[in-house]
Ligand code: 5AD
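A lone chain, given as structure tokens: the form predicted on its own.
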Amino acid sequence: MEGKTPVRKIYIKTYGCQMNFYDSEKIKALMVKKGYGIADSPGEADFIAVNACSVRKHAEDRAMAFLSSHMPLRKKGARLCLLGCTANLYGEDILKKHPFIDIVCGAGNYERLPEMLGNTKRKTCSAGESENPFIEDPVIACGDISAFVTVTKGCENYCSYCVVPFTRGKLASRKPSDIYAEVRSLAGRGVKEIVLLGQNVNEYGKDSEARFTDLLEKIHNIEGILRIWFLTSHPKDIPDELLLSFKNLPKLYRHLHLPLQSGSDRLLLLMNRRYTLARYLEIIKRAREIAPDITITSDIITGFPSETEKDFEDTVSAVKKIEFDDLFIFKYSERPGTAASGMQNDVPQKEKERRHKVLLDIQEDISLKRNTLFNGRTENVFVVKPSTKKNGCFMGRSEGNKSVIFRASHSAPGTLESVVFNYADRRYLFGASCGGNDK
């Protein structure tokens, strides 16, 4: 009796943002549907793939290093694949520059991937935009209490430093019915927390008749879902009705991630951000009026081309004035094809690093100050998992999406636990469950 043909397997390594990790899970579901297996390690895979981000060069370099390190497996018959944003950014040039890569498939073209893997031709590439950039197949197995759900892909804002319009293409809003179906499916499989993803969720529906606030409200009403949050918003077009959602939707974390990038109006203009610092401050003020305990985080770039000491001091002043709950600070990295890549990258690396550290140190103090404001407060914390840092404790997220470590005799991931906060450090709120004998 002849044996069955072995199932070909793919191994996927992911670098980058939440959307890349979401895409990787969707790719796995698509591959299984088409008869492929998922390998647990590169050594057992017929196809070794990297899903790589190109927003910052560091992730891109790590992806290439990972693939090149597996050239010995390629010599044994495995094929090396580059997926995602990096694949779209460079296209067929990748095959010329890195001869060890066999297959290049850009974000938005994943529906073609099974066919590409089945092609006996050693080298093949599919990059550029697609009419259907979304994979609707449900993830293979969940078992998690939290899940990402993409609502938009692509962006047409063309911030001068950002490569996303070239790697993800034009804005594409996913059909509301497909989003609801995915969330209901996830809820039915035990997911309690949904994170909605988009390069700019504010723009959801601009290419259709849907609205992001309607999407939030309907997902809020899906049975089984306890918490919702979203990434990311753009200050240029954040509507007041979205800010009101933080007051009107109890399941929505009172948390807003709103990238500022710079406190200098001159640089904001060069970055093509299309708002001023004054407008940004108005949004922050309005958000805190609507939801006084909202937590606000942001992104800052140091060392953008032509950033002077005055520009940097304007940013420092803005950070001190706003008092973000947390801040993600990045040293400017030139990306091919962007408008900023045509500007003189004239801020020395050491100066970028100095400014980066100055802001980090300032934010350390602000984050501690903001966290200590919660001492003595009681909130319903979303339980994530047992703590690996402290015995007898659990990790969770506060109503404002702050990381919490709390003591409890027992608690269950995916539930809400009433917790009183009693102290804080820069990164965590610490407390104890209000139930039973927990102290």
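We number the residues from 1 along the sequence you see. Every value quoted in this text rests on a predicted model; they were computed, and no experiment measured them.
The protein also exists as the form predicted in complex with the named molecule; that form is not presented, and the subsequent description refers to it.
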{"property": "Stretch from 107-115, 206-214, 241-249, 323-331 whose residues place a heavy atom within 4.5 Å of the named molecule in the predicted bound form", "result": "323-331"}
{"property": "The named molecule: the contacting residue among T124, T150, Q261, S146 in the predicted bound form [heavy atom, 4.5 Å]", "result": "Q261"}
{"property": "V55, M395, L67, I38 - the one with a heavy atom within 4.5 Å of the named molecule in the predicted bound form", "result": "V55"}
{"property": "In the predicted bound form, A291 touching the named molecule (heavy atom, 4.5 Å)", "result": "no"}
{"property": "is_contact(I228, the named molecule) in the predicted bound form, heavy atom dist at most 4.5 Å", "result": "no"}
{"property": "is_contact(R79, the named molecule) in the predicted bound form, heavy atom dist at most 4.5 Å", "result": "no"}
{"property": "Contact flag, V319 vs the named molecule in the predicted bound form, heavy atom cut 4.5 Å", "result": "no"}
